[in-house]
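What follows is a single chain, given as structure tokens, in the form predicted alone.
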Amino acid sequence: MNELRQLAKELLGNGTVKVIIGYSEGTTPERAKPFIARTEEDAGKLIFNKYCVNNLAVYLTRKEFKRKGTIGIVAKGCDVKAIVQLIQENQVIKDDVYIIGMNCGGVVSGFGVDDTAVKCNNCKVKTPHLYHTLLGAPVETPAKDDGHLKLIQKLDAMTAEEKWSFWEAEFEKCVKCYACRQACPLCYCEKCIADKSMPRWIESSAHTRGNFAWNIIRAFHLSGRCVGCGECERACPAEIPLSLINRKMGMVAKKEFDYSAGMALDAPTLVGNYDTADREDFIK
């Protein structure tokens, strides 16, 4: 923590960055909250621990930060994947962000709990793959059962009717609060399709038809783009397992196109690239 604060103080003091998006202590030591350090004094409030669950990349596309000079950001490996994806999609200028990469041994699944988030059990980016400065010691953690993968495999074995019943029951819980959208760093449209009323593409009422339309369309919009940070699922007050459908889309992208979102700056985005050699037999 001291090295993070010292680095932040230097970066702010010499003008390398305008601000640093990081974490500070919340209402209790077991909580952390997003924090914007603007001064050297603010740098002394920065922390990084297992309670730093938020993906701070979501702030990089906000108008308050875009094209305001170089922005520093404290980033876990999964957060860095989101930053890479945003750079690939021309939403963030590479030279306008200073990445303080943090070696990470996993974060908790949510505030008020102390168990490790499922997404961390088999994380491949505990050491960030892109950074300007890397802090913290590398962390070796034993692999655990991948609960989400088991659920995906269970769903894959279901009939179409059984899958429909499963997701109908899950989406029935949706209250259309759009917390998933607000927490997602890849949901950056200035006006979401869910908010458009001329024409109205997605019914605003929280009922089966509108809920299905919203959740399925959002999943398609994240196809080949979701970096698996799990913020949508964590933010969902109805506890809908949103990461299952997003991860399944990512698995298809990997299998059919050998593409993993947020892993390589020099790779073209999946949805923005076309190759005549691409397979099409999986399209049904």
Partner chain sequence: MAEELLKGGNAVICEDEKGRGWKRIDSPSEVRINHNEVPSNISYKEFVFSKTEPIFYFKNRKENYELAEAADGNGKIVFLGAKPCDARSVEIMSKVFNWDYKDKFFNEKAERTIVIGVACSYKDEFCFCTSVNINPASPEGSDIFLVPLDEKEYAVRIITEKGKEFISPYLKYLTEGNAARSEEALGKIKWPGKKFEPGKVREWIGNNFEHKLFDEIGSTCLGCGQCAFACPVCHCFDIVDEECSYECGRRMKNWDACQFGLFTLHSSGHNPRDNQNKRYRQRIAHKFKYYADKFGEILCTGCGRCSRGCPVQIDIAQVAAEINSTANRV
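Positions refer to the first chain, counted from 1. Predicted, not measured: the structure shown is a model, and the values here were computed from it.
Just so it is clear, the following notes concern the form predicted together with the partner chain, a form of the same protein that is not shown.
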State yes only if every one of Tyr98, Gly224 and Arg279 has a non-hydrogen atom within 4.5 Å of the partner chain in the model of the complex; otherwise state no. no
is_contact(Phe212, the partner chain) in the model of the complex, heavy atom dist at most 4.5 Å: no
Using a 4.5 angstroms cut-off on non-hydrogen atoms, would Gly69 count as touching the partner chain in the model of the complex? no
Could you tell me if Gly26 has a non-hydrogen atom within 4.5 Å of the partner chain in the model of the complex? yes
Partner contact for Phe48 in the model of the complex: the partner chain, 4.5 angstroms, heavy atom: no
Answer with one of Thr133, Asn122, Gln182, Ser165: the residue that has a non-hydrogen atom within 4.5 Å of the partner chain in the model of the complex. Gln182
Exactly one of Ala253, Val58, Ala219, Ala43 comes within 4.5 Å of the partner chain in the model of the complex through a heavy atom, and that residue is Val58
Testing 167-175, 74-82, 154-162, 101-109 against the partner chain in the model of the complex with a 4.5 Å heavy atom criterion leaves exactly one stretch, namely 167-175
Which residues in 228-264 have a heavy atom within 4.5 Å of the partner chain in the model of the complex? Arg234, Ala235, Pro237, Ala238, Glu239, Ile240
